[in-house]
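Below sits a lone chain in structure tokens, taken as the form predicted on its own.
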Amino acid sequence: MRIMMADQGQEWKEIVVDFADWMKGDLKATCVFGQLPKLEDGGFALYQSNAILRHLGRNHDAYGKDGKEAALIDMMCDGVEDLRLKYVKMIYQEYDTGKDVYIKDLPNHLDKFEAVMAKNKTGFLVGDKPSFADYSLFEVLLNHLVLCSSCLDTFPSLKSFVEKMSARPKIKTFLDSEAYKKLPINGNGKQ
């Protein structure tokens, strides 16, 4: 979300909630599903990462040019979420025993995105400009590059995609910022 908002030239105020405050339960009780993130825009509040991404996509012309592209973008976002959930499970539940297995199996997940990206030939998952699914994939790939710096070496389209997205001026500025660098990749410190 942050990368997408940065690329779209949006300003935001981020409130980071520490674990101790979260465990008090007051904030958690106000969240629809008892979890963050939360996006507030005036009097409008929205929860769930992918719902927020879709909302931002609709509001910033990052949801395809028509209904078919929007459906494909939704499909790709769900595919990215599947990969993110596998990553999160490994990071939080199986890091010590499952990291090597996860990295070994990673090509079996990345190859789907590589095939879609190579077929589209625009450097994006769907259409000819970044969609909210591209921003989501980009963030997941950045996390995976920290986990295994060579994970994209056999995926030229994905490697090019990361380079292309990283070079977008507003994204580059954000990635180089202290605000981005000080954020932990994962709440448990494992990467």
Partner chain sequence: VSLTLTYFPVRGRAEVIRVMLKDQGAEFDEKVITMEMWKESTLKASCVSNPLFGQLPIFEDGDLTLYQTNAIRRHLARKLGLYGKDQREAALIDMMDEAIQDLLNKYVKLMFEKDDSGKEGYLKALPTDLKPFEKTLSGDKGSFLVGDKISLADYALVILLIHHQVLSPPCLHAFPSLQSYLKRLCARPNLHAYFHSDDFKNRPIIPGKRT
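Fair warning: this is a prediction, and the values are worked out from it, not measured in the lab. Residue numbers count along the first chain shown, from 1.
Keep in mind that the form predicted in complex with its partner chain is missing from the display, and what follows is about it.
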## Note on the structure
Answer key: of Val101, Ala118, Val88, Ala71, within 4.5 Å of its partner chain in the predicted complex (heavy atoms) is Ala71
### Query
Taking its partner chain in the predicted complex as the reference, which of Leu46, Val140, Leu36, Leu27 has a non-hydrogen atom within 4.5 Å?
Leu46
### Query
Quick one: does Asn59 come within 4.5 Å of its partner chain in the predicted complex, counting heavy atoms only?
yes
### Query
Given that the partner is absent here, does Asn50 sit within 4.5 Å of its partner chain in the predicted complex, heavy atoms only?
yes
### Message
My question is simply whether Tyr63 lines the interface with its partner chain in the predicted complex - judged by any non-hydrogen atom within 4.5 Å.
### Response
yes
### Residue contact check: Val32 to its partner chain in the predicted complex, 4.5 Å heavy atom
yes
### Task
Report whether all of Asp105, His144 and Lys164 sit within 4.5 Å of its partner chain in the predicted complex, measuring from non-hydrogen atoms.
no
### Query
Using a 4.5 Å cut-off on heavy atoms, which residues of 107-139 contact its partner chain in the predicted complex?
Lys112, Phe113, Val116
